[in-house]
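Here you get one chain, nothing else, as structure tokens; it is the form predicted on its own.
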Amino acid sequence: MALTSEKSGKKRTVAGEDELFKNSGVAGKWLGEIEQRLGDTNPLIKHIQNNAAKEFARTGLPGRRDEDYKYTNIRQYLQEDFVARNGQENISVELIKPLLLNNSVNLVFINDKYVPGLSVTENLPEGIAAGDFYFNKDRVHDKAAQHFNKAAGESKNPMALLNTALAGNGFYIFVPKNFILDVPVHIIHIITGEVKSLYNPRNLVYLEENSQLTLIESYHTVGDCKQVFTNSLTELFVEDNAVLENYILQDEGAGSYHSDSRFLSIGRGGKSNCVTVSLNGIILRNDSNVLIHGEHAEAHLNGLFLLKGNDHTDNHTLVEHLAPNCSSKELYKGIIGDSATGVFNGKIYVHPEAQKTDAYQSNKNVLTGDKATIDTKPQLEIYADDVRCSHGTSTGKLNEEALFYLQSRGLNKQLAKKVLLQAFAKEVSNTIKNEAFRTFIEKKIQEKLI
């Protein structure tokens, strides 16, 4: 069978699928591994995975020639000698305890595998399905199989395609209609990892009508993790009048790489508040995709990234308005020191039917290092004529007058800088409504600013 693809008006012909995979380099290597490992996968999911594998084989890993990755060359970091892995490794309870949140449901995953013995689930009410999104045909949840890849299916993002092709496990949460879950669910992802390991956690969250959930996700590494790449993907469905609070902490080791793809679908009257705090990692790439398809829905995206050394963090957002009388608000703030690099690339897309859209996007950055850099690109694409949309960005150094004032009140220069940076970060941390996790995050920020 001959395969053809067309891009920029040029036609390319490939001899056939077998030859395509054989010659696809990195893709062929990983796809061969996953084919052996997922022989008993649910048939519906396996079909989707195979299609994603074929598409990824065509696109390959993104590099600087890809417009969406021009500032973040994934191909440079994720090479063919990485091995796709999953499975638990032994870890002590003492290492887990500091990460657990009180008065919460804590689900622990080690190298993509759910570990019931380390998890704390006694606060989980009956009727709530929460646990591992296992892909075995005998265990996959009906709702998970029904909605798998429904939010991410149209995406041509190579990293999302790679996750779909290689995914083996992750977490799944289902909140039934009219149920308000009054305790947060905390997902703790721990990578112990081997050198040159690729992990692909796949997660799905489904909130039925009029339900509410606070979901906290934290990513950590334990031990000497060098050159470990986590390629996570999370699909979130917020049905009519449902409310989702979603907080993500990325606090991985200095030798870790992480690409996080997030696809959120919001129905009529639904509300979502997502806050991402990025603290550690050689390279972090966050892709947040929001589809607002129900009238009177609200979406809030907030992010904070604190970078040192040669860290690189790229926040890439896309909010699509497809229904009238909806609103979206974005606020991303960066504190960038030493020779680190920050990136913000956000787009608000208003479709013709999305009249009376209220959308705002802001990116603010403080450079604390002489060689620190930021690439920022807020964008509006509007096809409706009755909207209120705006965007803005600002980048600079700490205010010298404010520094002088604090020093005149007895603070040394280092402490004065820390006070100002904490105040700068607090605008984002204040959007975290869960008090326990907000306190946890602010402590982490203080430690990072020392």
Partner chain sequence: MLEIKDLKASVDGKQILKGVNLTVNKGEVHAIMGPNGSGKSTFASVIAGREDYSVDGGSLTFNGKDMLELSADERAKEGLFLAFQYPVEIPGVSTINFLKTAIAEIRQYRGFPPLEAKDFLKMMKEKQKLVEIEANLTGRAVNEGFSGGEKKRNEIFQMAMLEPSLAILDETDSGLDIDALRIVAGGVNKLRSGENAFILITHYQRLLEYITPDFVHVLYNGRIVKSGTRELALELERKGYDWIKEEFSEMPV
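What you see is a predicted model; the values in this text were computed from it and never measured. Numbering follows the first chain given and starts at 1.
Just so you know, the form predicted together with its partner chain exists too; it's not on screen, but the next bit is about it.
- A heavy atom within 4.5 Å of its partner chain in the model of the complex is found for one listed residue only; from R65, H47, K413, R388, this is K413.
- Heavy atoms within 4.5 Å of its partner chain in the model of the complex are found in exactly one of 395 to 403, 65 to 73, 51 to 59, 378 to 386, that being 395 to 403.
- No member of the trio T121, K143 and A145 reaches its partner chain in the model of the complex with any non-hydrogen atom inside 4.5 Å.
- Residue contact check for R438: none of its heavy atoms lie within 4.5 Å of its partner chain in the model of the complex.
- Using a 4.5 Å cutoff between non-hydrogen atoms, K426 counts as a contact of its partner chain in the model of the complex.
- In the model of the complex, its partner chain lies beyond 4.5 angstroms of every heavy atom of every residue of 306 to 334.
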